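This document opens with one chain alone, in structure tokens, the form predicted on its own.
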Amino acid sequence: MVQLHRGAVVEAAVAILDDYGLADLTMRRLATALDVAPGALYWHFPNKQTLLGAVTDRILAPMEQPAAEDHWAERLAELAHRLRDALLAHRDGAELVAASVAARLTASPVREIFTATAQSAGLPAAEAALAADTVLYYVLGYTVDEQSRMHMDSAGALPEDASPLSDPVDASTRFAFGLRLFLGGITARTALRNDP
């Protein structure tokens, strides 16, 4: 029997998430996929919540890569788009990450990365943290809605006029517009602070 490693457990959990969705990511299904007794998983994760936190960290791993943009607004936009892409890369990714962020189950530095970027705009630390939370929750909320609509549409549960395919504005354009509003708000806030 192959020795079970924490990383292998997380990767198997991500595979189940992608194939079956969050509702079917159970410890029993995970143990079956790994060909181990369910109790073997508890060596690595004391409960399902800590497992979900580790899966969230795996989904958010791309956020730790350095941003290419230098200017704070372009960097924050790049990071917000990267977060949305990371969430959309996994079935129910936005729902899982939103729940893990709300429950403080993730060790990902995504919040700190957004805060540092907002602070580089000239906001004081407390306001930068609030701005970071605002952008983070915008991305999470937008993407939860986006993924929910995609799942409902693929299941035929949306009326034709509510389908994402019938929307004259695509999801990426809509997301980018909302993000620009947030960035404009930060710009206006820093201008007020710097106005003598």
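Owing to the predicted nature of the structure, the values given are computational and were not obtained by experimental measurement. A residue's number is simply how far along the shown sequence it sits, counting from 1.
FYI, the form predicted in complex with another copy of the chain isn't displayed, but the following is about it.
S.K.: Looking at 37-45, 66-74, 147-155, 53-61, which one sits within 4.5 Å of another copy of the chain in the model of the complex if you count heavy atoms only?
M.R.: Looking at the partner contacts, the answer comes out as 147-155.
S.K.: Is R82 close enough to another copy of the chain in the model of the complex to count, meaning some heavy atom within 4.5 Å?
M.R.: No, R82 sits far enough from another copy of the chain in the model of the complex that none of its heavy atoms falls within 4.5 Å.
S.K.: Can you work out whether L181 and another copy of the chain are in contact in the model of the complex, taking contact to mean some heavy atom pair no more than 4.5 Å apart?
M.R.: Taking the distances in the model of the complex, the answer for L181 is yes, it comes within 4.5 Å of another copy of the chain.
S.K.: Consider L130 of the chain shown here, and say whether it contacts another copy of the chain in the model of the complex, taking contact as heavy atoms within 4.5 Å.
M.R.: Answer yes; at least one heavy atom of L130 falls within 4.5 Å of another copy of the chain in the model of the complex.
S.K.: My question is simply whether H90 lines the interface with another copy of the chain in the model of the complex - judged by any non-hydrogen atom within 4.5 Å.
M.R.: So H90 does not count as contacting another copy of the chain.
S.K.: Taking heavy atoms and a 4.5 Å limit, what residues of 112-143 are near another copy of the chain in the model of the complex?
M.R.: Sequence-ordered list: E127, L130, A131, D133, T134, Y137, Y138, G141, Y142.
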